[in-house]
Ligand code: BDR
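Just one chain is shown here, as structure tokens, and it is the form predicted on its own.
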């Protein structure tokens, strides 16, 4: 039986590929997509989610727009990574439909209640919508949250913090302290799985060409920033971990979010060696079978052809 998932995202090149992977995974039943401001403004991330769904003929998947800014912080977008549209590279048509009139947080709550909680929520952007869900609908708790965000040992927006958590650390703190079964897919694993020229050459069909165009733009950033000949597809790792749990090795550890210090704002402090004796509240990704993940991603993207 397929796992019911809700994808809360901020497309974003890697979010777009994660969405395609979710659609192409028979192990998953995508109930809907919600959007949040992050990689670009809410208007643009919502348009991008619909544009990707339109491109593969999946107008049946509902899209609901959510929070347009963090809980208390000033908005910040990653145009320097994802471009002015948030999906620079391919020439995708404008969205052919509007999002639902319903707010994303209410949409999430309704879908979770319908399934009596038997839903895995997969947030791949800032956790604002998820924190609001917990506050406004305390009875609508998903049985599991598998998020892309955080890191044990490195940052990508500051030396201390990963972008999604840094954008809205107060929201992240609520989610990690929620008591829900949380899995953190962070930079420690996503940076080990780079989608390079060898993988791009294996892509087929119109979707394959669109992904190559996405990665040409996205890869240029990673080449300049890190010197890599390839791109981490961060958000797709979170989706793949739901469909194929053995791809990522995790450890159950205590995790806290720094909301106090501007210097280390949004750092995910992981009690990796259990020296602090924090109560374990998160399954933390520590290693990945990179070849298996990248092979799976190519295979599933090619299934659209």
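Numbering follows the first chain given and starts at 1. Bear in mind the structure is a predicted one, so any value in this text is a computation, not a measurement.
The following text describes the form predicted together with the named molecule, which does not appear among the structures shown.
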Q: May I ask you to choose, among 107, 176, 195, 163, the residue with a heavy atom within 4.5 Å of the named molecule in the predicted complex?
A: 163
Q) From the list 183, 156, 120, 231, which entry has a heavy atom within 4.5 Å of the named molecule in the predicted complex? A) 156
Q: From the candidate stretches 209 to 217, 87 to 95, 134 to 142, 148 to 156, select the single one in contact with the named molecule in the predicted complex, where contact means a heavy atom within 4.5 Å.
A: 148 to 156
Q: Answer yes if any heavy atom of residue 187 is within 4.5 Å of a heavy atom of the named molecule in the predicted complex; otherwise answer no.
A: yes
Q. Going by a heavy atom distance of 4.5 Å, is residue 39 a contact of the named molecule in the predicted complex?
A. yes
**Q.** Any non-hydrogen atom of residue 235 within 4.5 angstroms of the named molecule in the predicted complex
**A.** yes
Q: May I ask you to check whether residue 129 falls inside a 4.5 Å heavy atom distance of the named molecule in the predicted complex?
A: no
Q) Can you name the residues of 3 to 22 that have a non-hydrogen atom within 4.5 angstroms of the named molecule in the predicted complex? A) 10, 14, 15
